[in-house]
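Just one chain is shown here, as structure tokens, and it is the form predicted alone.
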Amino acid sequence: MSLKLTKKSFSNSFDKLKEIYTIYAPKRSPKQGRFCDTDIIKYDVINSSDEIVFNEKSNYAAKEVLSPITETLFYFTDNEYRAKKIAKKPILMFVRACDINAIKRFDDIYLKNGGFVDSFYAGIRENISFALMECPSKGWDTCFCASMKSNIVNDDEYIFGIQLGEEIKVDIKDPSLTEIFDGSQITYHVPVVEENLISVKIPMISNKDVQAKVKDLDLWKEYDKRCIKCGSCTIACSTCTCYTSYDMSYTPDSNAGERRRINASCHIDGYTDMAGGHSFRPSAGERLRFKTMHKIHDHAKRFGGEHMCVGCGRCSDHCPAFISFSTLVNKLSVEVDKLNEEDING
């Protein structure tokens, strides 16, 4: 059932939803952006429907609700420990189609990887429902979700879709919510972004010999000079899942404290360092190659599904060196086509 609501009616519906769920949505934090006098939009708990930022892309991805930059896992005292308490109240997240697909990639890593289930992630994930927010007809200027096939979600993957603006339209998928919303019936379904302003051609690596040659492409050397190895791209990425952990003692003379995990980045110095001083990927180009192949080749090969990258474009938005990931993938695709042709011709 689809309804058209007034702002007052939606506000009332939101208050009813708030009684059931803890609600997360893109929220504006004034004057907290990367540059002077700029705002930042990121996911946070909201208490009013007016706080939802609908017409702009959030600077940071929805993943922060499930995988915050820093997270306490458990508390310890001497030989005893206690896991952190996970809130039992269900969570409702206002997200885009690419966000839902990104969290499905998180599910691959945290719930389906080698038979191991991350209990901390699973405890939050099982309580989450999604409200699907409509995007602009072609997304935003750095989006390429249509190329990555993350522009589409199934009807059973969200409980209602919504367009927020002068007119508020709601497409209710969960029958239990029909009493929450009060409006006039219309025909509405969240439209799919069929085409973006930019498109990406995913390289088709024909065999392992070609894959080995990709590693030595001169293409990567360009980024030895451009990439500054800051890790901004991976923090902003909707699907980067790497983390490290450390113990924080409350006092220097006691064995009491907490274990935390913190987001890690394959672009940061030390990520691949080993005992003895060896590092697998010391140069910026090698690190960018690793991340790129993980996003558009390795994940799909490992899990037999979609590519890890969902085309949100946040890595390009955040790069201080103005490296465009979509441009990089298209350049790689040209080089791989050459390698495939050379392989065929012997």
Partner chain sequence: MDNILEPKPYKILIVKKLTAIEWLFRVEFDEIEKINYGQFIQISIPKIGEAPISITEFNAEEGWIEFLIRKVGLVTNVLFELKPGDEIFMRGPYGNGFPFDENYRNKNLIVVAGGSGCGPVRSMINAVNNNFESVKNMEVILGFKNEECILFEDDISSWEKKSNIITTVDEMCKDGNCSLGLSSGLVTEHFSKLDLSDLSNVEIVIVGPPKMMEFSAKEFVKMGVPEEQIWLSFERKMSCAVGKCGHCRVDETYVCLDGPVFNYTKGKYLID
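Fair warning: this is a prediction, and the values are worked out from it, not measured in the lab. Residue numbers count along the first chain shown, from 1.
Not on display, but discussed next: the form predicted together with its partner chain.
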- [ ] Just give me the single entry in 224, 174, 195, 273 that has a non-hydrogen atom within 4.5 angstroms of its partner chain in the predicted bound form.
- [x] 273
Open item on the list: Can you work out which of 137, 184, 206, 254 has a heavy atom no more than 4.5 Å from its partner chain in the predicted bound form?
Closed with: 254
Open item on the list: Please pick out the stretch from 159-167, 239-247, 141-149, 90-98 that is in contact with its partner chain in the predicted bound form, where contact means heavy atoms within 4.5 Å.
Closed with: 239-247
Open item on the list: Although the partner isn't part of this model, could you tell me whether residue 290 comes within 4.5 Å of its partner chain in the predicted bound form, counting any heavy atom of the residue?
Closed with: yes
Open item on the list: residue 51 versus its partner chain, in the predicted bound form: is there a non-hydrogen atom within 4.5 Å?
Closed with: no
Task: Heavy atom of residue 109 within 4.5 Å of its partner chain in the predicted bound form - done: yes
Open item on the list: Considering non-hydrogen atoms and a 4.5 Å limit, does its partner chain approach residue 31 in the predicted bound form?
Closed with: no
TODO: Using heavy atoms only and a 4.5 Å cut-off, decide whether all three of 81, 116 and 281 touch its partner chain in the predicted bound form.
DONE: yes
Task: Stretch 200-227: residues contacting its partner chain in the predicted bound form, 4.5 Å heavy atom cut-off - done: 208, 209, 211, 212, 215
